[in-house]
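Encoded as structure tokens, the following chain is the form predicted on its own, with no partner shown.
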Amino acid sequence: MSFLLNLFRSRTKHADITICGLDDAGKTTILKFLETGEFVETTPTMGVNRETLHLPNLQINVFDLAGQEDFRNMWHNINEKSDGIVFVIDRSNIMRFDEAKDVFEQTIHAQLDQDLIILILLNKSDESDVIEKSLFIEEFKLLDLPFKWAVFETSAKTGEGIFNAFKWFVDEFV
């Protein structure tokens, strides 16, 4: 009987992803934009928020990780079980750029799965004085990464780039 169940079971794939980055980068706001299609005021995440996105042929379990320093020590427990990581950068906060780079490197170097898919969102593109995408790629040494990755410029307030970024991400899983 289990053969027949497997034969006729839905062809929907499942993926577990995490959204991480420094606090106040816009992680939860981006997730809410994906769910509602509009900007939603959010409060800082404490611990982990879990949401499920139901897409055609793909169900994504999203683990939204708090970015405060006190919570980052638990990231590896969740990230190492993920099929993909969305790393959000506040591209307007130059003062925390080195911290973001260190946290990104720690997150990437802790990965065991070489098939991991990484989506990097340069968020707050609607702000002035932001880091250029090409400089970001160079500074974060993305060309040296052994993973499949992409960088998109986004704004959680206006929605700029969010759907295109996640379309690329989802297409990598389907």
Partner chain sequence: MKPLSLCLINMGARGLELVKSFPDVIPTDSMSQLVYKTIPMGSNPGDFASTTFNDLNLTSYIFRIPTADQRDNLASLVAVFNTTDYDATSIKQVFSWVVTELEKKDLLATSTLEGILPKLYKGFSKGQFKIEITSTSTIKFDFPKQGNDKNGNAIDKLSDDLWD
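Keep in mind it's a predicted model, so treat the numbers as computed, not measured. Residue numbers count along the first chain shown, from 1.
Same protein, other form: the form predicted together with its partner chain, not shown, and the subject of what follows.
With a 4.5 Å cutoff on heavy atoms, residue 43 counts as touching its partner chain in the predicted bound form. In the predicted bound form, at least one heavy atom of residue 71 sits within 4.5 Å of a heavy atom of its partner chain.
Although the partner is absent here, residue 56 lies well away from its partner chain in the predicted bound form, with no heavy atom inside 4.5 Å. Contact annotation: residue 48 falls within 4.5 Å of its partner chain in the predicted bound form, judged by heavy atom distances. None of 140-148, 103-111, 63-71, 125-133 except one has non-hydrogen atoms within 4.5 angstroms of its partner chain in the predicted bound form; the exception is 63-71. Along 18-41, a non-hydrogen atom within 4.5 Å of its partner chain in the predicted bound form is carried by 23, 24, 41, in order along the sequence.
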